[in-house]
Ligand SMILES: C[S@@+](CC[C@H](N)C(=O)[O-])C[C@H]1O[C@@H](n2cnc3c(N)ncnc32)[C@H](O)[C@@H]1O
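Taking the form predicted alone, here's one chain by itself in structure tokens.
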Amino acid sequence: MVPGFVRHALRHLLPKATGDRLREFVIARYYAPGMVLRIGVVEYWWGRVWRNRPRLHRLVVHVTDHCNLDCKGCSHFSNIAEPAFADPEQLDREFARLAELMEITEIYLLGGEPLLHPRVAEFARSARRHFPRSKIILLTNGILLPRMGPEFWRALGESRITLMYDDYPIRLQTDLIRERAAEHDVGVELMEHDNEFLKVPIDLEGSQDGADSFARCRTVMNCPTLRDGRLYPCAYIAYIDLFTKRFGIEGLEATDLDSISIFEAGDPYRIMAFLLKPVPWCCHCDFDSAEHYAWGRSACTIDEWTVPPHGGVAPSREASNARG
């Protein structure tokens, strides 16, 4: 908490409008629940002074880019991704580097659908080896769980991995899944959606206020995402190339200013500072047009991620490809 005498002094020294903006800034950055940082400003500052390793709240890691469920409007673009598998050796090196830099409260191994990876058990063991105190979660849609062999379940149990599967309106062999998990002492959690998903449309023109979008994104999509040795503020930015490739759109590509290298950044607090502020790509997130929608199968058309121009019909995939 900010000491009381500091708050009292600022209230008397600063104009009310300035003080209100400063208060909102501090609350939004350091007190509101977020996926980057969940400690107070003083504790964060004190840790930096004493050269303590910072604590990142959440890290998202793709095991695969593609999926076997084709959900409408997937925020990771997995329903339009070509098959792509993470390299266990490369990710092990990236985990080792991150463990040198910071503590991480929770790590999500997901996709895409992680169970499509033939070496998925190796990712679980690698993550636990480098982060012995973190909560490590394998997030799956659950479809392939009944087919997974003993090595998979042993790896999760021995590595203390939490198995989380989505509550999609599909038929899952829930009793069998929980039976297998219990046999290997694997904790199971259910991610509930209440059959509602959030669409934050992509502004193809980049006309949004990036700082405002970032502030509103704090507990929505702002989950630090690791890809090829770089940290991105969210999966939208990390995997926007899947979207641009599918629909042949130029001008949406993420640049080096939209991510930070975990190998080139020597100071972990530089990484944290990067993740706590908007990046140029944030101007493409249209929160004013955000809407909730019921889960459904994807038609793989661009309107699943965009707002139709002038209230009309969004261009089809074929039209978008022709335009590119």
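Residue positions are given as counts along the sequence shown, with the first one as 1. All values derive from a computational prediction rather than experimental measurement.
Below, we refer to the form predicted in complex with the ligand, which is not included among the displayed structures.
Engineer: Considering the ligand in the predicted complex, which of Phe197, Phe85, Phe214, Phe243 comes within 4.5 Å of it through any heavy atom?
Structural biologist: That would be Phe197.
Engineer: Only one of Leu139, Ile202, Ile249, Leu91 gets a heavy atom within 4.5 Å of the ligand in the predicted complex. Which one?
Structural biologist: None of the others qualify; the residue that does is Leu139.
Engineer: Could you tell me if Gly111 has a non-hydrogen atom within 4.5 Å of the ligand in the predicted complex?
Structural biologist: Close contact exists here: in the predicted complex, Gly111 approaches the ligand to within 4.5 Å, heavy atoms only.
Engineer: Any chance Gly157 has a heavy atom within 4.5 Å of the ligand in the predicted complex?
Structural biologist: Gly157: no, not in contact with the ligand in the predicted complex.
Engineer: Although the ligand is absent from this view, report whether Leu59 comes within 4.5 Å of it in the predicted complex, heavy atoms only.
Structural biologist: Leu59: no contact with the ligand in the predicted complex.
Engineer: Whether Ser126 contacts the ligand in the predicted complex should be assessed with a 4.5 Å heavy atom distance threshold; does it?
Structural biologist: Looking in the predicted complex, residue contacts with the ligand do not include Ser126, since no heavy atom lies within 4.5 Å.
Engineer: Just one of 161-169, 128-136, 202-210, 249-257 has residues with a heavy atom within 4.5 Å of the ligand in the predicted complex, so point it out.
Structural biologist: Comparing against the ligand in the predicted complex, the contact stretch is 161-169.
Engineer: At 4.5 Å, heavy atom to heavy atom, what parts of 67-90 sit next to the ligand in the predicted complex? List them in sequence order, or say none.
Structural biologist: If the 4.5 Å heavy-atom criterion is applied to the ligand in the predicted complex, 67-90 yields Cys67, Gly73, Cys74, Ser75, His76, Ser78.
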